[in-house]
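A lone chain, given as structure tokens: the form predicted on its own.
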Amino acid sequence: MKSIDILIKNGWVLTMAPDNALIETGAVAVSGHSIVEIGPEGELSTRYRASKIIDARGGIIMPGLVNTHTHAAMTCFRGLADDLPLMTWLHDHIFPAEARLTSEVVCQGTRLACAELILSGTTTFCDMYLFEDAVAHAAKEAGIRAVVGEVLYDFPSPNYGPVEEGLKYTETLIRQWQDDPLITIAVEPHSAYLCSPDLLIKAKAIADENGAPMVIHLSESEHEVAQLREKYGRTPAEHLAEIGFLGPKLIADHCVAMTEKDIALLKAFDVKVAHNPESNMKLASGIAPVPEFLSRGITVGIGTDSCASNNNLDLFQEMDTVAKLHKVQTLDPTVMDAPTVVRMATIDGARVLGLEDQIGSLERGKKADIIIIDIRQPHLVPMYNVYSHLVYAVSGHDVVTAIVNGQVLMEDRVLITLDVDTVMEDVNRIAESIVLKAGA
């Protein structure tokens, strides 16, 4: 028998591999950071001797979820300014609150986000915010995988000051976190309406030089599109194409207000899309044409956006919304079927982030980013179809175990890498300070 570190057994193994294998009584063998084998429990139990055995108790063993768009530290602003239009929410409430941010506040807010993400089954997230070195350190401390980048815009930042320093800060992050097993640095100009062409071109040059992914908000609302048309005579996508910004390593967040030409540009340049339906619904920004994206072969993942515009990070809840929103919009119950939505939250989310060779499916040699869902609960009985259950019945509260890079981060709903009570107390103190300053 071969010695391994972890054997997860006695569960439905949903691989999300190209063959869409589903093993009813299956097991996953993990050694170090990686998966060494997936197969029937009987075979793996006789082949491997594990230091740790995890009994899935008949639950679902699957790849950890991939949240393709967050502003993690905005857990500090959960519920701060609800029921407002996007631009009012952003300029009158969020930007003023962010002007008072510090590295410590961002770190504590990100710790809370990491706790929430892990507890609800997300093992990888993509973040755009301020003081992103603090975000990277908090994610590393929690043991979660993250793609992070400092938001860049034309006006001064409370972190780095003038935009030239923001570009230098991004380059420093890339050097500092190079080759880290969990942290990937992205180059992240906020949007075409808050970034000059010069800034966008400089940002892309840094990304190209370092082989880094890029992230940008794109066509989040009709108001944004109108701004760009007035300023440049083009849609945001047309504008980015004109200055040579579009490309296969670009992650475009939202993509709500899109023309036929915009969609053709996304396809032509192999741009990846992060779909954030609940945030777009709450801010009344509109509905992204995701069925059209998918029919064109555009890669789409799912994001929650921030806790200030959602107001949670539960990707299972987001999956349910993805499926139902597009059915009611198109009046077609067959649109956005459950297997498609599960792929968007796992392997396609990994493709969006450029990590599909490492995560997103359970395959030999891939990183051991794995979650287990407890289905021994009234709202999950009976189970006729695993995919349907995951999209329409499961919530983040049903996740009992989370493993990232071969490290157990949560077992039996108990977080191992973070002290949840302390994390919540820290953010409650921050919230008290925000209320006091807002009233000053």
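Small disclaimer: the values here were computed from a predicted structure and weren't measured. From 1 onward, residues are counted along the sequence shown.
Note that the form predicted in complex with another copy of the chain isn't included here; everything after this is about it.
Checked against another copy of the chain in the predicted complex, the residues Ile263, Leu199, Met281, Ile243 give one hit for a heavy atom within 4.5 Å, which is Met281. Contact with another copy of the chain in the predicted complex, judged by any heavy atom within 4.5 Å, is made by just one of Ala142, Leu112, Leu228, Leu101: Leu112. With another copy of the chain left out of view, the stretch that reaches within 4.5 Å of it through heavy atoms in the predicted complex is, among 41 to 49, 375 to 383, 55 to 63, 400 to 408, 375 to 383. Using a 4.5 angstroms threshold between heavy atoms, Val427 counts as touching another copy of the chain in the predicted complex.
Using a 4.5 angstroms threshold between heavy atoms, Val328 counts as touching another copy of the chain in the predicted complex. Residue contact with another copy of the chain in the predicted complex: Leu22 places no heavy atom within 4.5 Å of it. The closest heavy atom approach of Arg234 to another copy of the chain in the predicted complex falls outside 4.5 Å.
Every residue of the trio Cys76, Ile287 and Lys324 has some heavy atom no more than 4.5 Å from another copy of the chain in the predicted complex. Although another copy of the chain is not shown here, in the predicted complex the stretch 82 to 102 places heavy atoms of Asp82, Asp83, Leu84, Pro85, Leu86 within 4.5 Å of it, in sequence order.
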